[in-house]
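For reference, the chain that follows is the form predicted on its own, supplied as structure tokens.
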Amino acid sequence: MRLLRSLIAAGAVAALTMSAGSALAESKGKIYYMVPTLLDEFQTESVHALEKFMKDVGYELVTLNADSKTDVQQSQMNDTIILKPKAIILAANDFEALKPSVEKARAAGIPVMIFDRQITSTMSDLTSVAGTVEIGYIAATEIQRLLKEKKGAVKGKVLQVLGDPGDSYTLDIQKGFEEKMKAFPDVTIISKPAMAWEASNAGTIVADQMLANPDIDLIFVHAAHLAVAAVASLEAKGKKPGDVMLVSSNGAPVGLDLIRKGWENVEVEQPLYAQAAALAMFADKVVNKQEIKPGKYSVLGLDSELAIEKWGPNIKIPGAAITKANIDQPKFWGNMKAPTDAVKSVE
């Protein structure tokens, strides 16, 4: 019964995500995508992007939604292994809990590609992730520019609001940011974590720090939903757009909205579309168990680095800075317009 329910769910989601014009006779086969949740825009847009890019290279995408439940995702993996698809794409709800499922699939001859949520404790066939340290680098470069434009030199006070300190995503961004800021000793950085990535925690941090340090020049938050809470706290203090500069990362629609409203200066995008496109580019090699060579690859115009790590081939894709000058470009996932150009398989 569990398998039947899973198959029915797969069919329902596939009906929503597959283009009506797909010609199944021309398909190279099915690839199953294990999405952890469909409750946020990043995850829903990942389905649309993967469906489009996998179709470009000849595969039919079937999506299974775990509703943020680890046991559900484990069951979905077990059921999918029985179906013997061409490959599985996994965005793990829990890295360690899904490790045995990855190993079981690969032992059954089914390649596993990891999307966004990196698993380094076991082998997989391809991992596509954002360059999170590089996101920190880009944020630092933009913040240096903003401080110099405002104060004539790279100096001032910056409040950095991290996400949860147990999440390597935010720690990597912090590492890259602070590494690039070391050359500027006249910049004071105050770092505080928003536990559990809760927006309300970020709002409290901003309110408290604006009271303790009213001379803060710029706030750097590690996710766009935290920027929304930061703006609410600034408004409560009587601040207007532009009074305190704001930089965020991940590229969500709410971040782009804050740029358009004048509250936010820069959003450093997590490159969702390119991360999805990279999996499609290498899908044939993964499915056919062919060698994936390390090196530089252009993914939707982004210069990306593929390395062979202890957990397998790993492609790391840099983000990009979004400002008022380029905000309307459809390549940014926060505009919710997946690229129309076709992705081609790597030869």
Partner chain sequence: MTAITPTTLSATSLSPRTRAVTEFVLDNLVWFILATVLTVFSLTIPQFFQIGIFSNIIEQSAVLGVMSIGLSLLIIAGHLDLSVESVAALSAMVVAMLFANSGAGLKYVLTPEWLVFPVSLAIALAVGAVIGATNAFFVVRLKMNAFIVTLASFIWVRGLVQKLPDGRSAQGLPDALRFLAIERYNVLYIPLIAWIAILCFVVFAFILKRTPFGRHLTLIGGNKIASFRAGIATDRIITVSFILAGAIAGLAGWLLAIRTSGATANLGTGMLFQAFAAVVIGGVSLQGGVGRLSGVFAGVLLLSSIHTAINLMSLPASYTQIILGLLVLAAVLLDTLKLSIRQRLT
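Residue numbers count along the first chain shown, from 1. Bear in mind that the values here come from a model prediction, so they are computed numbers and not experimental data.
Not on display, but discussed next: the form predicted in complex with the partner chain.
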(Q) Although the partner isn't part of this model, could you tell me whether K84 comes within 4.5 Å of the partner chain in the predicted bound form, counting any heavy atom of the residue? (A) no
Q: May I ask you to check whether S200 falls inside a 4.5 Å heavy atom distance of the partner chain in the predicted bound form?
A: yes
(Q) Please determine whether V254 contacts the partner chain in the predicted bound form, using a 4.5 Å cut-off between heavy atoms. (A) yes
Q. Are any of the heavy atoms in D40 no more than 4.5 Å from a heavy atom of the partner chain in the predicted bound form?
A. yes
Q: Work out which of A153, A183, A236, A108 lies within 4.5 Å of the partner chain in the predicted bound form, going by heavy atoms.
A: A236
Q) Only one of V228, V129, V187, I259 has a non-hydrogen atom within 4.5 angstroms of the partner chain in the predicted bound form; which is it? A) V228
**Q.** Partner-proximal stretch of 141-149, 169-177, 210-218, 92-100 relative to the partner chain in the predicted bound form, 4.5 angstroms, heavy atom
**A.** 210-218
Q) So which residues in 109-145, when you check the partner chain in the predicted bound form, have a heavy atom no farther than 4.5 Å from it? A) none
